[in-house]
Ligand code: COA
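Only one chain comes next, encoded as structure tokens, the form predicted on its own.
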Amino acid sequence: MSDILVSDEGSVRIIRINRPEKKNALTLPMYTAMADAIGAATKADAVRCLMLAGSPTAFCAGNDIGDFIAMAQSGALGQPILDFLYALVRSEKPVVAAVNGNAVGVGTTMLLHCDYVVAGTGAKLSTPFVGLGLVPEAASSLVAPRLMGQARAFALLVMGQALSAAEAREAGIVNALCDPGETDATALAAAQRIAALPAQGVLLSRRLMRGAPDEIIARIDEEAEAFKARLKSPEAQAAFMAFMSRKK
């Protein structure tokens, strides 16, 4: 079975991360599959809203550790990661997310670009970038302070303080909380409500609210360059070695 499942529920396209045995950690091919699904939805008139989802116990554990170590050794950030982020930011279809369990790294930062986020009460968001000697990504250094304020963004992105589902709602990342068993259904209902609205009204309103994506794309690229430099830094290399030692 594919690690990324794409299905349509009426006019809602569901993109589901389906690698529960690895807590939905993302490999480079999975990034490509998600970027392709978002891009295809943009061209499909019948699709009126997108929904990102994970498994009942994990939304996304961030990057696959094997890919991450390979990037650390090469000092190169995989292009499929950037392609996914570009596709998400440039999507002209509204994006709803259904979050259960842990959302780590990009599992959290991708939520900053969603229009409506539903989280199960047991969800937890975290971004351990700086603790690994790295920097924030996915334009989170730009979007998070605007969304949640400088102080909260610093605690999340730099100090690595995790947010509970309730704290993420208070910070403005999450729209609605629900029982973990109802997360997908609640998110799908929200996506269907969005899909039922006049399409051009949604499109134009969303453009006015979000503005041109150029600034976001530029920050993604700026962060990526810093991220690549940090991958080869002594701090990052030491953090990776310590992490791998704990895994053994």
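Note that this is a predicted model, so its numbers are computed, not measured. Just so we're on the same page, rigid core means the largest C-alpha set that superposes within 1.5 Å between forms. One-based numbering along the sequence shown.
One more form of this protein exists, namely the form predicted together with the ligand; it is left out here, but the text below deals with it.
**Student:** Tell me, please, which stretch of 203-211, 63-71, 185-193, 38-46 lies within 4.5 angstroms of the ligand in the predicted complex when heavy atoms are compared?
**Tutor:** Answer to the contact question: 63-71.
**Student:** Does at least one non-hydrogen atom of residue 129 fall within 4.5 angstroms of the ligand in the predicted complex?
**Tutor:** Contact with the ligand, yes.
**Student:** Are any of the heavy atoms in residue 232 no more than 4.5 Å from a heavy atom of the ligand in the predicted complex?
**Tutor:** So residue 232 does not count as contacting the ligand.
**Student:** Is residue 23 part of the interface with the ligand in the predicted complex - any heavy atom within 4.5 Å?
**Tutor:** Flag for residue 23 set to yes.
**Student:** Residue-level contact is defined here as any heavy atom of the residue lying within 4.5 Å of the ligand in the predicted complex; does residue 102 satisfy this criterion?
**Tutor:** Although the ligand is absent here, residue 102 would touch it in the predicted complex, with heavy atoms inside 4.5 Å.
**Student:** Please state whether residue 239 has a C-alpha shift of 2 Å or more between this form and the one not shown, with the rigid core used for the fit.
**Tutor:** Where the cores coincide, residue 239 still shows a C-alpha shift between this form and the one not shown that is 2 Å or more.
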